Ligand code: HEC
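A lone chain, given as structure tokens: the form predicted alone.
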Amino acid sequence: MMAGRLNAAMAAAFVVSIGLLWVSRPDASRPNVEFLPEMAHSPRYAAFEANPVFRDGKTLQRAPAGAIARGYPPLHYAATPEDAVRAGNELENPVSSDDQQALTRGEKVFETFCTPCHGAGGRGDGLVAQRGFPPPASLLADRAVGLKDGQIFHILTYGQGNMASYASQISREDRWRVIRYVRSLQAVAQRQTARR
């Protein structure tokens, strides 16, 4: 009995709500009323167009002082031998020596950017050197083996001697991967020397 009354009340409420919806149905000839229309229809400005919103009247605003582009933290080093040594002491390679994917990527980047001068094995006998350009130092020499990863990163970033900067061609992550690959070449060369 109680369930029957509850069902009847719910049915009546349903019928009343349908009736209210029918009575308050929108008039198709009248547009709806927008609440806060500025939120839905804000004015757009092109990057170099005048803009009354800002004091200087420009749409494209300068980044605030000290802003850092996402993914590009600053390197506080100069292109000097002293800063190369400092980078060697301060920077550590974030790429693990047992990361096979990083090593494979480092090899590909090495083949693309380093092989023309340094050669496939890193001995400084690439095609550029064979065609008369002063050959680079061997990456397998004791001096190169003794360089710290941070110092090699600095050299790749800022250049050294006849080697130009590769900062615009090779991403930071790939520079570290190349260093891991060069270390693997050096390790193979040292094992071969030890066997002799």
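We number the residues from 1 along the sequence you see. Everything numeric in this text was worked out from a predicted model, so none of it was measured.
What comes next is about the form predicted together with this ligand, which is not displayed.
*Asks:* Heavy atoms within 4.5 Å of this ligand in the predicted bound form: which stretch among 33-41, 165-173, 61-69, 48-56?
*Replies:* The contacting stretch here is 165-173.
*Asks:* Please run the contact check for residue 117 against this ligand in the predicted bound form: heavy atoms, 4.5 angstroms, yes or no?
*Replies:* Yes, contact at 4.5 Å.
*Asks:* Tell me, yes or no, whether residue 131 is in contact with this ligand in the predicted bound form, where a contact means a heavy atom of each within 4.5 Å.
*Replies:* Residue 131 lies outside the contact set for this ligand.
*Asks:* Taking this ligand as it sits in the predicted bound form, is residue 136 in contact with it (heavy atom to heavy atom, 4.5 Å or less)?
*Replies:* Judged by the heavy-atom cut-off of 4.5 Å, residue 136 is in contact with this ligand in the predicted bound form.
*Asks:* Classify residue 161 as contacting or not contacting this ligand in the predicted bound form by the rule of any non-hydrogen atom within 4.5 angstroms, answering yes or no.
*Replies:* Flag for residue 161 set to yes.
*Asks:* Which residues from 138-152 come close to this ligand in the predicted bound form, meaning a heavy atom within 4.5 Å?
*Replies:* Those in contact are 139, 143, 144, 147, 152.
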